[in-house]
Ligand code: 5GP
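So this first bit is one chain, no partners, the form predicted on its own, shown in structure tokens.
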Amino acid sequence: MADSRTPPEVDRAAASRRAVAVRRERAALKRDVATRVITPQELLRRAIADPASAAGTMRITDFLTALPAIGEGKRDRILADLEISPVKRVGGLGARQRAALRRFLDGRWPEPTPREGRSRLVVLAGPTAVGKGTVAAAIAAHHPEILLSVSATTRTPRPGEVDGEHYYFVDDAEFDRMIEAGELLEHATVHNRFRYGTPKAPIDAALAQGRTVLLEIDLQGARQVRAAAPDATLVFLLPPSWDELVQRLVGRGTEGEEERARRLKTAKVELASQGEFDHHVVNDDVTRAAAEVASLAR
């Protein structure tokens, strides 16, 4: 006679599949924290909201070692200082332990606090392959009140690109002249190949008319704009996850293996700069992300 307390074979199989799925999700979350796609505070919030989730069931030891520059020795010292048992799971921390962990995280990796008095000049930056151009195009299509700045570049047009609409395509001599004449708000060499820059005149004219202007540029350019226009609103576009960013880059099929590896390494460095920005927007849905970016300078 079968033991009624033994779960049916189908239930055990389903439970095994769920356990494997949760382990994979926890591994993905650790990659997201390690690459700074999400902040450790965000993972903590998810764990508190749902202790049974992948974030909530993550061991505190795994959580801490996923953080940048924390190895096992430093992890153990942190746990001792915070008076947290190494067998604890993040979702199972008590109120005092949560507060202590949050203070530690805020001290080491503070989340951005939007600055007051931001202007209608919005800078959209983010890691390679995150979809900045796609989000910017959606903003241009659905928010005509916002002027999408057109950059100058020394690279040649791609199929379908129109001069003056997608970019101002110029040669190196003309780009040098624009720099010398002070006509560019920012300029940079991207991927060690071509130069890109943002002409100032159209931006100044639009801002004078009370319009919002969106600059979709790389990290180098965003830092230059921040220096030249400290009141600009800086927005960092994030991927939904590190795995998704990798898939977007590989899925494009436009770069070889060596180039993909170089760009992924660059993306990790770029993700680490997100603390310099006023707002973070996750590009999990282009229309939603575009609407969120469009609302930030109003």
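The first residue of the sequence shown is number 1, and the count goes up from there. Values in this document were obtained by computation on a predicted structure and should not be read as measured data.
The following text describes the form predicted together with ligand 5GP, which does not appear among the structures shown.
- Using a 4.5 Å cut-off to ligand 5GP in the model of the complex, each of Ser151, Gly197 and Gly221 places a heavy atom inside that distance.
- Segments offered: 152 to 160, 75 to 83, 94 to 102, 204 to 212. Contacting ligand 5GP in the model of the complex at heavy atom distances within 4.5 Å is 152 to 160.
- Think of it this way: in the model of the complex, ligand 5GP has a heavy atom of just one of Ile217, Val90, Val135, Val130 within 4.5 Å, and the residue is Ile217.
- With the partner omitted from this view, the residue of Ala140, Ala188, Met178, Val170 that lies near ligand 5GP in the model of the complex is Ala188 [heavy atom within 4.5 Å].
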